[in-house]
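Heads up, the chain shows up twice below as structure tokens, two forms, tagged structure 1 and structure 2.
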Structure 1
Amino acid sequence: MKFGWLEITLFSIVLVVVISAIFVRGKNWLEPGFWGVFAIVSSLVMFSVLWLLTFDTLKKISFGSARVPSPTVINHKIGFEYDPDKKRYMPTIGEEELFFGKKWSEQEATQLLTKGKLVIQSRNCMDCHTLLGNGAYFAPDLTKSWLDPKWQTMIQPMIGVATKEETMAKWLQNPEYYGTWQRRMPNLKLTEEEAKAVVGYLKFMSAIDTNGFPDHFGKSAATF
């Protein structure tokens, strides 16, 4: 059985009232201690609820959960399709494909994603871009950037490499060479390994179920 925020809130309030009523039984409501009991009980109940919700959230955002795939998802084709039942776009995990010419073990993939995340942090990418709703909106949102068909329809022919991941890695190392978007990204002096790690991180991000965020990414004419 699943509980939403409304059920949890109502349950917490009822629990506070019931427990407090037991402890204040026989006391006058004008006594300071009467409301002191409510204050203490409500604080303890809310702390317990938040503690449980925190662990529940950590479980849901861990690798391999329903929303966050395993790092080895980079070994698969990833799509973004509309789900009429859920009424939003959902990432789809397809058949296996090589990523930078190899199949990555879980340990290798985890190390790659960790490095990609650290590279993004070290270059302050969020000063211009957005990931999972965090960051700035001066440059394109990166949450589903792996799925942007412009990599293959516009940039890959300019760079002349065989795969999308190679296209993104080459572009990230020399963005000033390729006339793409109106606002050009500065050269962040990424090494080849750093660029590959960032591409791996972005591919992994595109496979996270973000409740359809960014909104309309899958059908926006401007995006495609």
Structure 2
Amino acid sequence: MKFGWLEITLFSIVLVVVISAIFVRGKNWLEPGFWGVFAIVSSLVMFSVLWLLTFDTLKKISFGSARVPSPTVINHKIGFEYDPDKKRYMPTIGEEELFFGKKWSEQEATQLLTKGKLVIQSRNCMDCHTLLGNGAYFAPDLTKSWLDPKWQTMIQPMIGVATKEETMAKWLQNPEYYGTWQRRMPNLKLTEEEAKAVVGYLKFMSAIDTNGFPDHFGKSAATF
């Protein structure tokens, strides 16, 4: 869709007013029927616009689109940098890097992410954490968790494995043992396979274009 938000907004409002005005000609504005017309027209117009935008949005957020990358993005280095053109932070997809020591084919990566998403839902992650900012507020937001400096500065030395993905997978299987502060994540009995899938999902999620949310993630001097 080529239109911007302002055109869509004005178009839908003008449409409601014009169509309603045609139908209420001659009606007294103090009669309930007058407002009944507005009620029907505004519901129909706004819902139709929502449907059109839904089709457009679903196209733009499918796997492999400009905004939501293909699952194979886990084979790449991911970053989050300020984009001077867009005036906001954007995920960057860089050179290839192995994930758990291998390069994942499209099919393998899709399977991994499907598993990861199922694990995330089956453990009710959203009832403590936020994903893309949605969920509960008892634990940190996971939108860009893959890029969190704490994995390398604090957790990796504690666990003592070679890569970030292994660190995360190990930690997820035993979060209580490697506590970070007094509010501890409970052990959700993740198998090794499930933990790997969740890490894959977190890496994938950090590459989604979220219109700059969360702003300057990991770039503050206060974070380590």
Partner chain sequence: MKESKGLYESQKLAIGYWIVAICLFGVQLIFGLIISYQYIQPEFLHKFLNFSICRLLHINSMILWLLFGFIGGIYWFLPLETEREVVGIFLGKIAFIVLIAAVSIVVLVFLLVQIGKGEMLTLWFITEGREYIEAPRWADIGIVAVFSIIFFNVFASIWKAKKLKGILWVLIVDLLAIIGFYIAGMFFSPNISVDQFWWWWVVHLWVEATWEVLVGVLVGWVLMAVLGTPRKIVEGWLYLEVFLIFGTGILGLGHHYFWIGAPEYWLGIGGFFSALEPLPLVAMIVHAVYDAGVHRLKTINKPAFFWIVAQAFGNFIGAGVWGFMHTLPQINLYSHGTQLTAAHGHLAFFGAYVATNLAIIYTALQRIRLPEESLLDGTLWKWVFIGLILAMLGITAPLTVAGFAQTFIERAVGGSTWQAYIDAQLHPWFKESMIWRMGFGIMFFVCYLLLVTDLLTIGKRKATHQQ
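Along the sequence of structure 1, residues get numbers from 1 upward. Keep in mind it's a predicted model, so treat the numbers as computed, not measured. What we label the rigid core is the largest C-alpha set whose atoms superpose within 1.5 Å from one form to the other.
- Between the two renderings of this chain, the form predicted alone is found in structure 1; structure 2 comes from elsewhere.
- Shown in the overlay between the two structures, fitted on the rigid core, is a CA shift at I61 smaller than 2 Å.
- Put the two forms on the same core and the Cα of S20 is off by 2 Å or more between the two structures.
- The Cα position of L10 changes by 3.2 Å between the two structures once both are aligned on the rigid core.
- Overlaying the rigid core between the two structures leaves the Cα of G33 displaced by 11.2 angstrom.
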